[in-house]
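The chain that follows stands alone, in the form predicted alone, written as structure tokens.
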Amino acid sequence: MVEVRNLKKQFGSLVAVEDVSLSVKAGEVFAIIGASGSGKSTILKCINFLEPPTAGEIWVDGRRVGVVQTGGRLRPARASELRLSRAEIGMVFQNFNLFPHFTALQNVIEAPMAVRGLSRRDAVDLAKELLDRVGLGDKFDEHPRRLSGGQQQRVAIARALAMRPKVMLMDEVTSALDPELVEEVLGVMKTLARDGMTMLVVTHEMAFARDVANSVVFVDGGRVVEQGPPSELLRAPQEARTKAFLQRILRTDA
């Protein structure tokens, strides 16, 4: 479903991501772990072209993202073409990014109407279904300021799902939440995993990676250091940098 080939992202003289290749099958949960500043979030942003890659290729469901072939030649995708590609790739950020002047329902219906061309009635029906699915069936008319952080993040997840994406990218979606709110968001993510949603998740929640992910990749200095099933990588890492990171994380959690 997702293929990342030799990805590089450079900001001026800073190389944030270097020669990263990943492969994610349909229905898999792929966890990306690593220290802050290691390039994890940049990888996700490159996948949906919020950050255009400096080099490499991104493929989603057999189509190359950010590039269009016309007349036997490749050219950069136009803004309208990128919007259509991004419609297939839902993304949820750590800071919610909800419209503060919109209700929960209004936040969810905007993109399906603007990008997918849904009628308002259909968009409202879809939004209600999705908000109910994430446990917010009684919060349709609430503005973000009247919602907890966990509730706001669940609205953001519903908003991404409203585009009917083939892939969900989740970037540290629990890191801005109080500890007691983390579990309600993780619960929604676990439900999506059980329902077969393909997900790439940048996370420090090692229990989630251990229990839910099909594969875990450790990134350090913008490079993939180690990758494997969580039962192997989290329990018996082979690389010294992976071992040191996991020891720090587990000590901090304790």
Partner chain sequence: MRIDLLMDYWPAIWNGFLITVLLSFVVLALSTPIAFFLALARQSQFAMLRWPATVYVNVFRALPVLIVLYFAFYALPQFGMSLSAFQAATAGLVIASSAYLAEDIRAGLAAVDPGQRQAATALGIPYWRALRRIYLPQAIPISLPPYITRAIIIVKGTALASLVAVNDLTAEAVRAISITYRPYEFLAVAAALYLLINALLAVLQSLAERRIALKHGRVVAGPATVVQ
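Positions refer to the first chain, counted from 1. The model shown is predicted, which means the values in this text are computed figures rather than measured ones.
Omitted from view is the form predicted together with the partner chain, to which the following refers.
Heavy atoms within 4.5 Å of the partner chain in the predicted complex are found in one stretch of 131-139, 175-183, 86-94, 147-155, which is 86-94.
Contact check at 4.5 Å (heavy atoms) against the partner chain in the predicted complex: none of T42, R194 and M206 pass.
M163 is the sole member of L105, M163, L126, V167 with a non-hydrogen atom within 4.5 Å of the partner chain in the predicted complex. This chain appears without its partner; in the predicted complex, the one residue of L50, V67, A35, V212 with a heavy atom within 4.5 Å of the partner chain is L50.
The partner chain is not drawn, but in the predicted complex it has no heavy atom within 4.5 Å of D122. The closest heavy atom approach of H101 to the partner chain in the predicted complex falls within 4.5 Å.
Within this chain, V115 lines the site of the partner chain in the predicted complex, having a heavy atom no more than 4.5 Å away. The partner chain is not shown here, but in the predicted complex it comes within 4.5 Å of a heavy atom of E110.
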